[in-house]
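One chain is shown next in structure tokens, namely the form predicted on its own.
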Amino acid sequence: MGVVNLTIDDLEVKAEEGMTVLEAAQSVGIDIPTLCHHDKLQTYTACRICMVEVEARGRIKLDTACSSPVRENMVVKTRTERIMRIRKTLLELMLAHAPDSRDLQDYANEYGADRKRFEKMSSFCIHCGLCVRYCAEVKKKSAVVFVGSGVSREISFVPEVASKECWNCKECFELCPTEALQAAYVLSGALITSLPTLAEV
């Protein structure tokens, strides 16, 4: 596999051909925030908080670092004024869903996001899809799925699958950046239906 030379935040970086900008940045200790990325999962680009500025062939464009492949002589900026402003706004939108999320609060402090800028939404899900994708791609069970669309989109457990699979797994719980997944699990009835009956005790 060949080597690609690029510049990230004025640092000369040598990356393996096929790497993404996110992977190249991480390889040299440059932090780019992510909320929907996971090394075991396919690229999703849902949160878009990993947005960066990419200069190639004299043109500057916005792109998601998790999906943008490295190219020879490309120039990447990860913390320009425009990028910082975009991340701040994205975080404020997500905080309207999950203002108590520790992950979002940490990012809010870093980027100066206003937790109260947007009206509180009824959903606690920020649609990162980590739980849905992990269950489908890694566990091959699809016990948790998306339901609804747009701002009303939510995660939901499929009771007949979750009652058999989730009680002894719960690997997706720690992936959730808002901790809404555990609440959804209880509300779905999966917890109750997965508990042993008195006759089984």
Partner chain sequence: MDEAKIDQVIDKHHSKAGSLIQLLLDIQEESGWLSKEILERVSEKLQVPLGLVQQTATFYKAFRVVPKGQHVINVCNGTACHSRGAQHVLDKIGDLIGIKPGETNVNHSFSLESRNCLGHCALGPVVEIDGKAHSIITLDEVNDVIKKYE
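Numbering follows the first chain given and starts at 1. Owing to the predicted nature of the structure, the values given are computational and were not obtained by experimental measurement.
There is another form of the same protein, the form predicted in complex with the partner chain; it is not shown, and what comes next is about it.
> With the partner removed from view, which of 34-42, 171-179, 52-60, 154-162 is the stretch that lies within 4.5 Å of the partner chain in the model of the complex, judged by heavy atom distances?
Replying inline: Looking at the partner contacts, the answer comes out as 154-162.
> Does at least one non-hydrogen atom of Ser142 fall within 4.5 angstroms of the partner chain in the model of the complex?
Replying inline: Contact with the partner chain, yes.
> Quick one: does Ile30 come within 4.5 Å of the partner chain in the model of the complex, counting heavy atoms only?
Replying inline: Looking in the model of the complex, residue contacts with the partner chain do not include Ile30, since no heavy atom lies within 4.5 Å.
> Is there a heavy atom of Trp167 lying 4.5 Å or less from a heavy atom of the partner chain in the model of the complex?
Replying inline: No - in the model of the complex, heavy atoms of Trp167 and the partner chain never come within 4.5 Å of each other.
> Heavy atom within 4.5 Å of the partner chain in the model of the complex: which residues of 125-139 qualify?
Replying inline: Contacts from 125-139: just Val132.
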